[in-house]
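Only one chain comes next, encoded as structure tokens, the form predicted on its own.
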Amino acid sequence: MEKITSAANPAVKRLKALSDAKGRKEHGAFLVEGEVMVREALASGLSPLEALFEAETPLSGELAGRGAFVRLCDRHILETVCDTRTPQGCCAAFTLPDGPAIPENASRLLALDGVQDPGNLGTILRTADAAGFEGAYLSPLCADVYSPKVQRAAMGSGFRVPALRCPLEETLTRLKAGGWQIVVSALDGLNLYENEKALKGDKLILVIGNEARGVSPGVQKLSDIRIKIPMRGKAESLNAAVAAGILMYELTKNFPC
């Protein structure tokens, strides 16, 4: 197995380029760091291209068996490539999925309107996976699902919850015409716990807005109902990911576990 000792190696430069959106688009790939996350990506059916390992492991052999070009490297090489300060022994490049499909039989979906913080986006996708939401539509202003920071926050859920970047107003207009109920989270909305009966649709899309500006005016106009989580203390609002988590679980609390 080839061993890399120089950060000037073309493979190192290629993998390092995947740390930003431009590099991911250019190479059609994204980087996954650490054994746990690499195994999550494999389990989700993603295709490995190449990988770096500090030492040979069963996982390095599995990746090679899946057709990936696996190389060994010194610790400082991993630190050069990875986004984390203390890489966990390996990283691997996977092919970017080509337009993840939202399940046709879905009943609960997300629409994220300009969620720009990678930690928030990853946490929302992780909670969506746990709560049983089956997919997410992302406006062009959202953070990149395949950025290392989003992946770390999602802890593998970003591989399982299909997240489709799209023109949000156009997409929601089409879905609303197809019978989906559009539920917007807004500070001036109706109290969630006093208006639960209004959330009766078999097909429901929960819209979460930008951390500072909330849901854009155009998307708000498409809403069938605007709801808010009551603030019993003095806080004016909740973090976007926290609010999304509460709302997702409230909107699926009658689903079987």
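Because the structure is a prediction, the values reported are computed rather than measured. Numbering starts at 1 and follows the sequence shown.
Same protein, other form: the form predicted in complex with another copy of the chain, not shown, and the subject of what follows.
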Worksheet item: So which of 26 to 34, 66 to 74, 222 to 230, 47 to 55 is the stretch with heavy atoms within 4.5 Å of another copy of the chain in the predicted bound form?
Response: 222 to 230
Worksheet entry | Contact at R165, E170 and K200 by another copy of the chain in the predicted bound form, all three, heavy atom at most 4.5 Å | no
Worksheet item: Is A11 close enough to touch another copy of the chain in the predicted bound form, meaning at least one heavy atom pair within 4.5 Å?
Response: no
Fill in: Interface membership of E196, another copy of the chain in the predicted bound form, 4.5 Å heavy atom rule
yes
Discussion item. If we define contact as a non-hydrogen atom of the residue within 4.5 angstroms of the partner, is G132 a contact of another copy of the chain in the predicted bound form?
Written reply: yes
Worksheet item: So, in the predicted bound form, is K3 in contact with another copy of the chain at a 4.5 angstroms heavy atom limit?
Response: no
Practice prompt. Heavy atom within 4.5 Å of another copy of the chain in the predicted bound form: which of S139, S147, T123, S185 fits that? Just give me the one.
Written response: T123
